[in-house]
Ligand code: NAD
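Here we start with a single chain on its own, the form predicted on its own, put down as structure tokens.
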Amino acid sequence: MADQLLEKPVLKRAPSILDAMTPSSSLQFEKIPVEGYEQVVKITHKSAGLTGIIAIHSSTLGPALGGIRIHPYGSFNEALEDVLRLSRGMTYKSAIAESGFGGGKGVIIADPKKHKTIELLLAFGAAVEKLGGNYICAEDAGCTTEDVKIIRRATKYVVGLPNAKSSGDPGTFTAWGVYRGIQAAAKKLFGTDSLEGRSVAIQGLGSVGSRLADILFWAGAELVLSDLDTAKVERLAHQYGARAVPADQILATECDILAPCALGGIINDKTLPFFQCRAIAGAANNQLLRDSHAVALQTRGILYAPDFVINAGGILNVTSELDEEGYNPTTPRYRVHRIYDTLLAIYEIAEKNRESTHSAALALANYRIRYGIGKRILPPTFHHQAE
């Protein structure tokens, strides 16, 4: 689930809190046919100010699960393109991680700092409930754990709640998984997974990026930090003895490993000539603007940790709360550890087949989907129903 640069907003009250919850509400569904996707629906609720999309890419291995992104997209088509890419990525992420879930995603077209209301969240929750468990939601960029707590009032199909029966903010597990992925990259490049004295540049210091900086500091890495929030950059740079770099310069910074932890699409035709790193290994979703950009990285000799592999720590954490025995943080801890071994195996496959690491990871994910490896046997248990 993706790192975020957005500040936590103050939820505003709109006129009618019950409108999204009642049978007579104006919640509208419009099916959008998209080849290769099981279900894509546009959701609107006029009085709640909701325009959103839920995309279910695949439920072959289990119910589709993915976060809710709240973002002021420039157009509906832009939002649609994003939710399709994100939901497909969740399918591959869950397959590689063997989480027992499929891929889905929700987006809400709104500025989370200005337009996020209780009514809007409840209306989206009502839409999730109407899908009957085919899609299970969680937090994502622009949507906090407190927001999903509100959404829980309209649907049980939600994870990552800040209560005793849920797992809360998955950022710590995502950050630890990215750290393990960075170790795997170092092992492949330098023959050792020690990060002592290795330079790591982090783009984005949100929930995951800031935690990653802390872990890497204690691992002995030399940090280069960047974020749109310059005050945060200066504070963390002082805290970790790091070098601060303007947001528009971080991708071109000379370093051993670049860790993108903000929004996606940062590997593209414009940025490719400027990378001065040995590897790219970070938490951001959809880092490649196009799959072909992975080949371009390979040609340049830059090792790429496929994002849907390295950033799976969050989903491994939140899905653990749906285990029959209930949530125990030690279970996802050991599952997240294995990201290291998975990436080393992908690097070996890519090298043997003379293909990009992204292509190797996709092939592995599709193999597991095709043969049902990691398929969920028992239905998910929503322990928080009793609360």
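The structure displayed is predicted, hence computed values, not measured ones. One rule holds for the numbers: they count along the sequence shown, beginning at 1. The term rigid core refers to the maximal set of C-alpha atoms that superpose within 1.5 Å between the two forms.
Absent from the display: the form predicted together with ligand NAD. The rest refers to it.
- When contacts are defined as a non-hydrogen atom within 4.5 Å, all of A247, C261 and A283 contact ligand NAD in the predicted bound form.
- Although the partner is absent here, L205 is a contact residue: one of its heavy atoms lies within 4.5 angstroms of ligand NAD in the predicted bound form.
- Mapping the unseen interface onto this chain, G160 falls outside it, with no heavy atom inside 4.5 Å of ligand NAD in the predicted bound form.
- Within 4.5 Å of some heavy atom of ligand NAD in the predicted bound form lies at least one heavy atom of G209.
- Using a 4.5 angstroms limit between non-hydrogen atoms, K93 touches ligand NAD in the predicted bound form.
- Listed residues S87, S226, S167, S99 were compared with ligand NAD in the predicted bound form; S226 is the one with a heavy atom within 4.5 Å.
- When you look in the predicted bound form, the only residue of K187, K156, K232, K113 with a non-hydrogen atom within 4.5 Å of ligand NAD is K232.
- Partner contacts here mean any heavy atom within 4.5 Å of ligand NAD in the predicted bound form, and among 188 to 196, 170 to 178, 297 to 305, 130 to 138 they occur only in 170 to 178.
- The two forms, fitted on the rigid core, differ between this form and the one not shown by less than 2 Å at the CA of H358.
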